[in-house]
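Okay, so here's just one chain, in structure tokens, the form predicted alone.
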Amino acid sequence: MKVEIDSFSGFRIYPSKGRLFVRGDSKVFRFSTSKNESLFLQRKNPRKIAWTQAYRRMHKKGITEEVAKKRSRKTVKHQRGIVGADLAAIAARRNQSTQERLSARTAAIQKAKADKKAKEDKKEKTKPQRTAPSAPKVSKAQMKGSKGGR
């Protein structure tokens, strides 16, 4: 026995019951009662009519099997090392006092400045002294023999 489903209400339609409506684009709609057919032809939305299956499904009515609530997992925080610093280094830095951190920072800045100064001094010693060019400067256009924009 083939049982059809009502296109509007979602109810079952048993053999020899109901009506068939074929739209212009050849889509078939089945209705169990004239009430369902009339509401469909008035273009009513079955999701807004309380007694239809579409409404009940949308508003989660009559679902007795799924009484147990879904359990949500609690997020667990993990400590991980960052690139360039392992977990122990991060913990040590976190436990440092502000005074220690400030002194370490100033020492690092002083060291960086000293390194930069040493590098500059070395660069100046190795750079050869340039002599002034003897020939006057000539642009590429003049070298090719152009008339200079005329």
Partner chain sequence: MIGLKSTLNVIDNSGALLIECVNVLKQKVNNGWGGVGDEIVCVVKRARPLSAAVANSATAVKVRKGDVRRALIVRTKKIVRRPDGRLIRFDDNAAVLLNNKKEMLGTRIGGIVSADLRMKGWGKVVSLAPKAV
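Numbering follows the first chain given and starts at 1. Because the structure is predicted, anything quoted here is derived from the model rather than measured.
Below, we refer to the form predicted together with the partner chain, which is not included among the displayed structures.
Chemist: Using a 4.5 Å cut on heavy atoms, which of 109, 28, 82, 63 is close to the partner chain in the model of the complex?
Modeler: By the 4.5 Å criterion, the partner-contacting residue is 28.
Chemist: Answer for residue 21 alone: is it within 4.5 Å of the partner chain in the model of the complex, judged on heavy atom distances?
Modeler: Taking the distances in the model of the complex, the answer for residue 21 is yes, it comes within 4.5 Å of the partner chain.
Chemist: Classify residue 126 as contacting or not contacting the partner chain in the model of the complex by the rule of any non-hydrogen atom within 4.5 angstroms, answering yes or no.
Modeler: Outside the cut-off, so no.
Chemist: With the cut-off set at 4.5 Å between non-hydrogen atoms, does residue 102 touch the partner chain in the model of the complex?
Modeler: Residue-level check for residue 102: no, no contact with the partner chain.
Chemist: Is residue 41 close enough to touch the partner chain in the model of the complex, meaning at least one heavy atom pair within 4.5 Å?
Modeler: Residue 41 belongs to the contact set for the partner chain.
Chemist: Taking 4.5 angstroms as the heavy atom distance cut-off, pick the stretch from 110-118, 50-58, 33-41, 83-91 that is near the partner chain in the model of the complex.
Modeler: Going by heavy atoms within 4.5 Å, the stretch is 33-41.
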